[in-house]
Structure formats: C-alpha cells, structure tokens
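Next up is one chain by itself, shown in structure tokens, the form predicted alone.
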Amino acid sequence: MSDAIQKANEYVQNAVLAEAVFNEIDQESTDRIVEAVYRAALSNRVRLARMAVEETCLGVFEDKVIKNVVASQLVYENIKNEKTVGIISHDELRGVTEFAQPLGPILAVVPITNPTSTVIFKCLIALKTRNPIIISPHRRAAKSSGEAAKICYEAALSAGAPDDCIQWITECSRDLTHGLMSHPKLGLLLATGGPGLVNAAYSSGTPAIGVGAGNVPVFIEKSAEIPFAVRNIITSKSFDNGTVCASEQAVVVEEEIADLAKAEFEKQGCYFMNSDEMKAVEKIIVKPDTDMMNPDIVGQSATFIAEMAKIKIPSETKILMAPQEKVGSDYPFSGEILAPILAFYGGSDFQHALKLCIDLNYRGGIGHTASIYSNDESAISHFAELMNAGRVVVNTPSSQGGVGGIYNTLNTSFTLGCGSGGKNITTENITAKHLINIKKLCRRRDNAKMKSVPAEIYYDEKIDVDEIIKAYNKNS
C-alpha cells in the first residue's frame, strides 16, 4: 500500500468515527457548534485575510477580509434557522414525514483564489448537516487554508463537536487527493476549482458537487443608467483583483450608447488599450499554445499585468479594457480571465448585442452567471430567458450578486452550480440543504382509484393497454 493511500485511509477512518458521534447530536447542539465556528472565523477575518495574501501573492487584502465576513457571518445568517437534524417536515394530508440524514465524510477541495473564505463556508455548511469534513487546500495556499480549518475545528470542539469533525491536509499531493476522492467510505466530494479538478471529481466514482467555469457577459442595455452601471461593474470586477468566478468578463453595449459607456469607463479609472497593447497583453493572459488562462496573472492588479506585458498605463488604472469584435478560442480576451481585464463589445442593436452575450456565455461559461443593466422589463426578461445561466443578476455587481446574500436573497455561497450545461448537478448556490439525504416516512393512505379498477384488468391477457386506460378512467 502506497503512503498516499495509507494516509487517505487514515483521514477517512477518522472522519467515519466522527460521523458516528455526530449522528447522536441533536439540532440544538448542532446549532451551538455552528454558531461557535462562525464567531471564531469572524473574529479572525483580518488575520486570515493577511495570511492568504502573503502566502498566495494574489488578490487584495481588504477584499479578502470582506470575503471572510461573507463566508462566516452571511453564510451563518443564511443557514442558522434551517432544520438539518431529525424530522424536518411533516405533511399530515399526504402522510409523509421527512427526516434529514448526513451524507457522511465530505472531501472539500479549496481553490487558491479563496483559500480561507471557502474553508470557512464549507466547514459551516458541513457542520450544520453533521457531516465530518476533510479540507484539501491548494498546494500554494496550504498554510492559510490550514489555519482557517484549525480555527474552525478548535471552535467546534469547544462547543461539543466530535474529534476529527474537521481535518485538513498539510502536505498536498495529487496522489493523496485522488486517493481521497475515490475512497469507498467518502460520502461526497465538494469541489471548487478549475475544469480539470471538477472533471476528476465527477469521474472519481464518489458522489460529487462540482462547479464549472464562469465567463460572465454583462449587457448594458440602452435604457440603463450608464454611470451607475459602470460604477457597479468596476466595483465587481476590481474586487479582490477579479478572482471571483462570478465576476464580469466582457461588457456588451448597444452601438448607440457605446461612446457614452466608453467615456464613462475612462472617467471612472479604466484604460482602453490600443491594438498593439492588446497584442502584448494577449501573450501573457493565456498559456503558450493553449486556450488556458495563465495562472501568473490571476488576482494581480491592472498595473502589475501592464508591467508584465511591458505597456505603459496610468498608475491609478483600475481595469484594463480590450475592445473586441469577435468571440472564440482565437480571441483570448473573450474567455474567462480572473484578473481586472474586461473585453468590450459593441452590438449594432439589441439583438446583435444579445447574440454577443449568448456567444460569450457559451465560450466556457455555460450555466454560470450573466448580468444585465436595464430599466426595460421586457429587455430584462428577454435576456434572462435566452441566457444559459444559473444566475442572471439585474442592475447588480455580478461578483457580489452571484455569491448571494448582499444584493439579493440567493443563498450565500462560495460554490455556484452551473447545471447540466456546465456539467454540474445543479444550478443552485450550494448550501447546507445540499449536504443531507432526505428520508421519507410514508404512511398508508387509501387510494380509491386503485381499488375501483376491475380485477380482470390484471389477469385477462387479451386486454390491451388502451383498454386498461379506458377502464381505469371510467372507474375513477
């Protein structure tokens, strides 16, 4: 047996023992544990944010603090009143009672872009549902993710949680992660990361909730208040240097307001690149000879990226803007870029602009998120109907709107489902309700319809299906 497989067995066996104890804990005790973890995480929001930035060298410290607040306080507020233990519903008329059951040990894969906030979020929803959790951090964020897990674990223990209810991998390796993913006693994979990781999760043989990539188009429709729209887009795309998967990737405007929109972006601190500058930046935003995003630019500032590309821009630049006409793998700016870079498209009219949004949506972002700024309800409805997105946010910063709980009533989550289009199991924002099995107790209720069907229907081989249906309908 390899060292990785042996280590995987140890992690899972510890989790199985924790699961047995967790099954005996009632709702009140569970809620007390969850509250203790939320308070501990919130109290350490600043220290964890600083650790994350220092270790990963990406993102913005102040924004990491906000992410930790969202992952702790807002997630807690979202789930605190949910029933996740014992009877969670009863329908006397139907005779159906529903019980919540834990899924079992969960392996939570954590991305480098949110190394502490994702840990906090996943620990809270796992503990709320009495599932022991094993944190698998990104190898370049193992220290900060591990510290976040440790803080949550110690708080959980202090409130009466079982030993090893939270574990974290300290020495990350591909063999260990794969050994855990395919372990027969694992209950669920909760995977947040790139397409390769999510594909591995779904092909592991273990039930999995993974999330797809985002390539979010934002449509500024001609009825929109342009300064408001631009301000919101900048707030969203510059947040933590663009590391939120729900952040805008391309701005699409109608031609008649294109000049106004461009002028407003420039007024608010964005820089429109010329063709030579865009060629220079193109060379560094994707890996050579691939269509994959270059990890070296993820979470970096606009000025840092400009220096890498050897172009000169104003020092106060918030976002690099890339005027584009076409969408596809030959046009790197039309894909997902987790950095403060935005493609900018002009549509000749509403329909052309809408088509550009659809093309962008299908360029690696199916099922994720789409955004529109408009004061025309018919335009909003038409846009929402045609976009293949799990979340369509209206007049809202897409990063914060997609995560939920700030500008809308979506479940606050750091794992955003993309549905079948994104090769995911759901389009919902993942939360505690997705981490329980629901057992149904079904009491007998007399069914007059079935009693009234003549007995010969079941025994006369000469009667065909149509005759059965006619007899059934007649007697019912």
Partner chain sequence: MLECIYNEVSNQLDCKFIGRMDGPHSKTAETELNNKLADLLEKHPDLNVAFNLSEVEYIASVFIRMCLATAKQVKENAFSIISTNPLIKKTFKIAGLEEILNVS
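Residue numbers count along the first chain shown, from 1. These figures come from a predicted structure and were not determined experimentally.
Below: the form predicted together with its partner chain, not depicted.
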property	result
Any non-hydrogen atom of E255 within 4.5 angstroms of its partner chain in the predicted complex	no
is_contact(N9, its partner chain) in the predicted complex, heavy atom dist at most 4.5 Å	no
Exercise: D466 in contact with its partner chain in the predicted complex, heavy atom 4.5 Å	no
Close approach of D175 to its partner chain in the predicted complex, 4.5 Å, heavy atom	no
Candidate stretches 156-164, 202-210, 303-311, 241-249 - the one whose heavy atoms come within 4.5 Å of its partner chain in the predicted complex	156-164
In the predicted complex, residues of 280-305 near its partner chain [heavy atom within 4.5 Å]	none
